[in-house]
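One chain comes next, on its own, written out as structure tokens in the form predicted on its own.
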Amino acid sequence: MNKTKPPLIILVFCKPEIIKAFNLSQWDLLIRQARYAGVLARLAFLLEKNEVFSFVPEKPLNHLQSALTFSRHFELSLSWEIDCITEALKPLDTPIIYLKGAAYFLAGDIAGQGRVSVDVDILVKKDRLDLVEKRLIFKGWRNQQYDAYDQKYYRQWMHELPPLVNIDRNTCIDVHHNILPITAKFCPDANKLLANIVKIEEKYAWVLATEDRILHSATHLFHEGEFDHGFRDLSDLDLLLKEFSAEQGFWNKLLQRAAELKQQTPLFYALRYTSLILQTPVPEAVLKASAEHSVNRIKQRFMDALFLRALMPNHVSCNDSWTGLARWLLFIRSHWLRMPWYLLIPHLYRKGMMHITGKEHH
């Protein structure tokens, strides 16, 4: 990692029992790191699971209990939001596949515990996209104010519609038809994703298959250029891998599925950085097999220098003098992965001008 000693939050996520010896100063820093990284409630769940919650002093305990209360309230709100989406889209008689946090919640994944997000992501068949959008608008969701270029950007090049916001609840829904932009070189075949979806019992809701949930999490983290919640998303991967690796044949299925969906590179990064940062127990043979699709050693050292900084919790105590540059370079990389150069250059120029004038949307 980029620091001699990892941040406290990483040390605790790897070995929760170390909190028994923490003083109040260490607790203060740990709480702040967890809050900025968006994993305060997850930290509380982790301490409960490892039976060390009783060792938390009163003052930090108040913060953790508050985070747990907020997390449980969020779950109620998320459940209600899913019911509203169901009521809006069930008449279309098409699968509604929930992604990321909503998927972990519906599937009962450990990664869903204490995970709070600001929007709901769904995946639908591309040929149903227009009907889904119309139904959501009819039921009270609205497009934000995007100009003609923004509309073209989303509808012609990206893998999702412009975000929709509910006029009553101010909740946001992102409607996808794939997990990567259609202009991306390694955009998977959405039909292969849809072929393996899993129905949630007693709900009009589906999620991606286990391996696909992991691959989507990896793809999202290592193709995106914003790392405000990078550590949280890395923790998602850590928890998903730990939970499902107990299933027989899991690792081979994961590697095979990554090849089928052309997601070997993000899977390699996911396995590499979860094991390096969070000590996720990935078998050496799996790491070696995944590394066959990695970049050369020189480039890998460069990517390590970037990701081992960018994936740190988003708190000043976790940064060094190169963190800002690392995140900026990965932001540029994300656009390079997203679009071919002849679309990218004019897009970045326009994005830069919009940022200068304060009119940027995406």
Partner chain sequence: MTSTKFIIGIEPFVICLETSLSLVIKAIELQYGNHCFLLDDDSVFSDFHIQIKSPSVLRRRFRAQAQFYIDGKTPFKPLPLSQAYPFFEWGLNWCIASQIHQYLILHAAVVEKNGFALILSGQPGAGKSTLCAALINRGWRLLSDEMTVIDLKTKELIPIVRPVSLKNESIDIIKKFAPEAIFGDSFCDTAKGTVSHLKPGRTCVENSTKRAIAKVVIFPRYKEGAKTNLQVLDKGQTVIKLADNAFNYNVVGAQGFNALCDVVENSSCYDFEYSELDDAIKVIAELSC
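The model shown is predicted, which means the values in this text are computed figures rather than measured ones. Numbering follows the first chain given and starts at 1.
Same protein, other form: the form predicted together with the partner chain, not shown, and the subject of what follows.
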### Message
To verify the annotation, which of these, Leu337, Ile31, Ala44, Leu330, has a non-hydrogen atom within 4.5 Å of the partner chain in the predicted complex?
### Response
Ile31
### Query
With the partner chain left out of view, which of Asn296, Ser321, Ser54, Asn62 would have a heavy atom within 4.5 Å of it in the predicted complex?
Asn62
### Query
Wondering, does Ser66 line up within 4.5 Å of the partner chain in the predicted complex on heavy atoms?
yes
### Message
My question is simply whether His73 lines the interface with the partner chain in the predicted complex - judged by any non-hydrogen atom within 4.5 Å.
### Response
yes
### Message
Test of understanding: in the predicted complex, would Ala21 fall inside 4.5 Å of the partner chain by heavy atoms?
### Response
no
### Query
Is Leu325 a contact residue for the partner chain in the predicted complex, using a 4.5 Å heavy atom cut-off?
no
#### Entry: Site check Trp27, Tyr36 and His315: each within 4.5 Å of the partner chain in the predicted complex by heavy atom
yes
